[in-house]
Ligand SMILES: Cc1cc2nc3c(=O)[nH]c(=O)nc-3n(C[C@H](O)[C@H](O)[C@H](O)COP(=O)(O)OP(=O)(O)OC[C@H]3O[C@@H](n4cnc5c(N)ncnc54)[C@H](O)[C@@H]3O)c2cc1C
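To begin, one chain is listed below as structure tokens, in the form predicted alone.
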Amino acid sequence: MSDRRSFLKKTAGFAAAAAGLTTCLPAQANGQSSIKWDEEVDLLVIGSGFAGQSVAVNSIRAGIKVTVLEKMQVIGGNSAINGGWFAVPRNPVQLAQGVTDDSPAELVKDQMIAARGMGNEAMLTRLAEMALPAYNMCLDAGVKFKKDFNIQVGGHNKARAVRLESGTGGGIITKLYEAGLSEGVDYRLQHKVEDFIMDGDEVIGVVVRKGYRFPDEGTGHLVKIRARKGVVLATGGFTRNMKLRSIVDPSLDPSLDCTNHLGATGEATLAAMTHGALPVHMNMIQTGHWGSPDEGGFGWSNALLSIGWHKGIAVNPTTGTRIMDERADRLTCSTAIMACRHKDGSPAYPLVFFNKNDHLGDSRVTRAVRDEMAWEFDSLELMAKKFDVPLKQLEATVEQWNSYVADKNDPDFNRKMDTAVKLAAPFVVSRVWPKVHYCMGGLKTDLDGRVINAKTLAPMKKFYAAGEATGGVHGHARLSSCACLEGLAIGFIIPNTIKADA
């Protein structure tokens, strides 16, 4: 039987081994007869982001009673504050735009390129095939997407990304929560899972700190909840766990800001590992190249840069020259951006700028200028003076870029030029610097969402994982707009698995 002391001891034990990425940890052998349960439920879902909400809603619709445990005071986790982008091949807006040659296979092709040989093509395919059902689930729940909006985002070869009208994933979280609540899902806030209770290789329940108030670990009290039909871990990533981050990826600059909420610390994932769950790709932590040093957390920069990457260019302020294919994937762009340094090694925040007059009244611009994370300049001279950029080189860069636009060819970085425009003052300018954003590492699952045991390499019984808590799906780089897809799509798969395992 697990208590808090043994949980912490086991967690520390994992931390020492996590850098090796794989380890064989002893499974617990708790006799069911000796456990005094405080409560029994059918299916426990841990976490209330995209994955947790989708699993909950689809499970209740499949006839499985669901209880969702959320450790924070509000639902949604990172999903509630993300940028609200959703990759959906063959969505209605895409088809109306005349893009009729897209498919789930086309999306997976792009994802596998970004994965750099480390992605799980079979899993990506299963998820991509559920994109349209997941999109329709959102519409049925009352989710509002931006009207007639569907664009091509970094690393994708087609325009297939729709976006929430609200500009954040909260637009989905709120509506799925309302749907789940009306259909009978039991949601509980401030319930922090501290350990799993095992019977051999089977998860039979959890130890929960009920009444927990983040981040005070002394709040609440421990209870044991039995889960008759299984446990789904959907707690997201661990980017706010600085100690774990530094262990699994010492190269990650600890001074980088993070887009995630403060509770993204991964303790339930670590607890699962102590019971034998197989970790994979824990050292692959993605940065969002659209971060702004002029606002904290996730912010609005990614929305502004959905213009900048298409209609503008990114320039190193120390040289006045372009630095990258502005439409490449996150890993490519983050690497190029973080190479921009002053002589003393401090960050030289690259400038991304585009034509002001082409986007008059656009809320992405007015909001960014209002919040002073973007500026308007009537000339290159004024821009160069503000950010100490070599003016003559900056003028030469813009002149050269405009010739590339005329030729529809970018010989410097081979950027796709279908949305590129000639640059002319006045300009909207923002600064960029990557922020820690997404964990590609987590628990290894089979294609049906079952957690894999590190010792046997076989599925653990009645233990499932979903979304960012899993690993090995996206390889080295997850493409933009695919977190929403992954979290929502797996919710269609796991309920079928649970019924098959019953």
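Everything numeric here is computed off the predicted structure, so don't read it as measured data. The numbering used is simple: start at 1 and walk along the sequence shown.
We do not show the form predicted together with the ligand, though everything after this point is about it.
Using a 4.5 angstroms limit between non-hydrogen atoms, Cys482 touches the ligand in the predicted bound form. Taking non-hydrogen atoms only, Leu69 approaches the ligand to within 4.5 angstroms in the predicted bound form.
In the predicted bound form, at least one heavy atom of Thr259 sits within 4.5 Å of the ligand. Contact annotation for Ala56: none of its heavy atoms lies within 4.5 Å of the ligand in the predicted bound form. Note on contacts: among Phe298, Trp401, Trp375, Tyr177, the single residue with a heavy atom within 4.5 Å of the ligand in the predicted bound form is Phe298. With the partner removed from view, the residue among Ile46, Met460, Met440, Leu443 that has a non-hydrogen atom within 4.5 Å of the ligand in the predicted bound form turns out to be Ile46. Heavy atoms within 4.5 Å of the ligand in the predicted bound form are found in one stretch of 431-439, 36-44, 57-65, 444-452, which is 431-439.
Shown here without the ligand, the chain has no residue in 146-184 lying with a heavy atom within 4.5 Å of that partner in the predicted bound form.
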